[in-house]
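Okay, so here's just one chain, in structure tokens, the form predicted alone.
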Amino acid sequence: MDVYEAVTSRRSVRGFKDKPVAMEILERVLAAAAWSPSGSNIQPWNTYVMTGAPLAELKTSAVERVAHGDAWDKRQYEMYPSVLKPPYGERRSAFGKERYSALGIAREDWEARQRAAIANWNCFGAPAALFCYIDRDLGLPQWADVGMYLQTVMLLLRAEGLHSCPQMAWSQVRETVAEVLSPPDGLILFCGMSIGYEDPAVSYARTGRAPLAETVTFIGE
């Protein structure tokens, strides 16, 4: 798979087979992803990979917690501004509409939307998951470095025939994650990432992208 195919075929998959992902594949992907760029090569990512019984334990704890309606953990960062100005708010709304329409869920069916959301904490059935932390003392440029690292991971997973779904939602139950992972003090959980083989039986809507002219300005001849 060339890099263009990896980029255009990558998407946030929300339905995985229970087929295990070989540890040597995960090790190969993460070893290569270590070559991702970062300012002054400080490599600000701190990554945990979970499979098997530990991941099953975490899934059970997180799903039960969310299903019981427990309050979210205190935020360590804001996922989105309280008000998303145009065109960002419109893009987010369009995504939500496409996502739930593909699942056959009406906008007013709050219970069904909640059930769909809970699937986040079951990793959408994925047999492997990654949790990425960043040191709380680092700045915005280092958060951007972490984003480049995660994108590299996702593209390498595509090269291995795997799919993924990055999930900031895990930051909302970070204390439950910490009970299993025991990360050092001072680290912030940025996101989780479900990893596995796509289940083609699960319906989805491929979210489109803005026209190039809307996001890119070319200057010169």
Ligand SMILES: Cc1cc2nc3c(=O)[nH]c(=O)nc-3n(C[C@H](O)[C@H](O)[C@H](O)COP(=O)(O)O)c2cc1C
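The structure displayed is predicted, hence computed values, not measured ones. Sequential numbering from 1, following the sequence displayed.
Omitted here: the form predicted in complex with the named molecule. The next part is about that form.
Partner contacts here mean any heavy atom within 4.5 Å of the named molecule in the model of the complex, and among 65-73, 159-167, 40-48, 27-35 they occur only in 159-167. In the model of the complex, the named molecule lies within 4.5 Å of some heavy atom of residue 120.
In the model of the complex, residue 88 stays away from the named molecule, with no heavy atom inside 4.5 Å.
Contact annotation for residue 11: at least one heavy atom lies within 4.5 Å of the named molecule in the model of the complex. The named molecule in the model of the complex is not approached by residue 143, whose heavy atoms all lie more than 4.5 angstroms from it. Heavy atoms closer than or equal to 4.5 Å to the named molecule in the model of the complex belong, across 186-210, to the residues 190, 206, 207, 209, ordered by sequence position.
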